[in-house]
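This document starts with one chain, in the form predicted on its own, laid out as structure tokens.
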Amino acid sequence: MGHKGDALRQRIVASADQLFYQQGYENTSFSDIAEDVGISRGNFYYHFKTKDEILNAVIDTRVTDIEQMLKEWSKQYTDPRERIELYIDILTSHQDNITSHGCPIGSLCTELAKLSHVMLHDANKMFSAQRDWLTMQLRELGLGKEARQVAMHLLARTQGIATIANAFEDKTFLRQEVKHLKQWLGSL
């Protein structure tokens, strides 16, 4: 497949990613994605035979993007506390999307769990990448054996904040909670 085919495939994956986030995985059809990208269903089937193939590509892309972002932060910032603050700040930098649609990772994992979908384990890699990175940052901050448990706690808090901010469509709540999380981080 040539360069042009690869670019189209990436457009399909980006569209599917956005539609899965806004409408949910189950509520998004091949037709929705093909229409969004502006291609025929035949052209679409050339790239993806099943919806699970698209889901797999979306998850792989998200995991790669998350890992890339975290790697960049590790390069750019020497202070692990600063890196964790950047992580927490994702809530405020994406507050419009979060209050409208929730967390893209949390909502997808929740939906796949409800469907008992075979790819839930793969989807969890989006959280694992964050947990492992946070664990490293917390170890650098001097937390020993409890670093992984604290990383899970931080993941849980950010997911809880996103869920409640989405349920109440409340950006003020989200910003207050981010402030509390940073104070908690400062106390570590």
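The shown structure was predicted, so the numbers you read here are calculated from the model rather than taken from an experiment. When you see a residue number, it is the position in the sequence shown, counting from 1.
Another form exists, predicted in complex with another copy of the chain; not displayed. Remarks below refer to it.
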(message) Looking at H94, K114, R81, K71 here, can you tell me which has any non-hydrogen atom within 4.5 angstroms of another copy of the chain in the predicted bound form?
(response) K114
(message) So in the predicted bound form, is another copy of the chain close enough to I164 to count as touching (4.5 Å, heavy atoms)?
(response) yes
(message) Residue-level contact is defined here as any heavy atom of the residue lying within 4.5 Å of another copy of the chain in the predicted bound form; does E26 satisfy this criterion?
(response) yes
(message) Taking any heavy atom pair closer than or equal to 4.5 Å as contact, tell me whether R157 reaches another copy of the chain in the predicted bound form.
(response) yes
(request) Give a yes or no for F127: in the predicted bound form, does one of its heavy atoms lie within 4.5 Å of a heavy atom belonging to another copy of the chain? (result) yes
(request) Considering another copy of the chain in the predicted bound form, find the one stretch among 134 to 142, 63 to 71, 30 to 38, 147 to 155 with heavy atoms no farther than 4.5 Å from it. (result) 147 to 155
(message) Could you pull out the residues of 90 to 111 that have any heavy atom within 4.5 Å of another copy of the chain in the predicted bound form?
(response) S100, H101, G106, S107, C109, T110
